[in-house]
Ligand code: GLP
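Here we start with a single chain on its own, the form predicted on its own, put down as structure tokens.
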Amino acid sequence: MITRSALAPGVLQVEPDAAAVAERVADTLLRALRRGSCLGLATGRTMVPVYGALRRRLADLPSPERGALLAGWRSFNLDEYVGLGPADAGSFARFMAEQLGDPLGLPAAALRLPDGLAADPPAEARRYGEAVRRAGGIDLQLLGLGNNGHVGFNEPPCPADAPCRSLALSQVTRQQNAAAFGGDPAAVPAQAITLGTAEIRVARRLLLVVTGAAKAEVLRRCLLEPPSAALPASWLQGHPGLRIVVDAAAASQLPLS
């Protein structure tokens, strides 16, 4: 069994496959929207079926409810590549427009991200972190898990209180994200702006979503090893609002009974 010191009861939800994970997460996001929550959103392949499931749920709502939820939409994304903007195919601004903004008819200003084209990335990171704070912080932060244990673009080593910042991306991360750049890791931007572990850990609720056998080992380490800078996602341990939704493949190395 996973020990209580590693995972509190009820934190981990294991679904049979990635499609079931997406449905579970979309339900959580819809409930958060109905509460008027400020969402912290993420990008990447894991989130594509999640956002597809959320679009379907919104489409099934009565028009007045759907309109009210979209009118009240508040979200901040975790990160953006330095040097890319909404017109660039590999940017997270484009990803969010394609996944949620355009299909839902959300104005561009509703899906807030760091400005990857800012002339001064460190200053933009400070501005973005302050914008999150001025908005009252994140109510529900959606998170994926990188192959090296990163969340957002918080690359190891990363302390528990790293602020929103501009930073260099590791080769592991650039390799992981190469599919969006024609499969060439060298084409992935070398720097990004990311919300830090500081902003992530003060979110009221955290929803970590992990699918696929390729993430099983790093998930096991992040949940069962003592928190450390070598595994940024390990700093999520003990968060009172943490929930983890995974598929059976990703959970294959966890000592479940």
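In this text, all values refer to a predicted model and were calculated from it rather than measured experimentally. We number the residues from 1 along the sequence you see.
This protein has a second form, the form predicted in complex with the ligand, left out of what is shown; the following refers to that one.
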**Report entry** Option touching the ligand, based on a heavy atom within 4.5 Å in the predicted bound form, out of 189, 227, 212, 44
**Finding:** 44
Query raised in the report: Is the ligand in the predicted bound form near all of 92, 145 and 150, within 4.5 Å of a heavy atom of each?
Result: yes
Query raised in the report: Any idea which of 44-52, 218-226, 24-32, 65-73 reaches within 4.5 Å of the ligand in the predicted bound form, heavy atoms considered?
Result: 44-52
Requested in this report: Look up in the predicted bound form whether residue 177 has a non-hydrogen atom within 4.5 angstroms of the ligand, and give yes or no.
Outcome: yes
Query raised in the report: So, in the predicted bound form, is residue 78 in contact with the ligand at a 4.5 angstroms heavy atom limit?
Result: yes
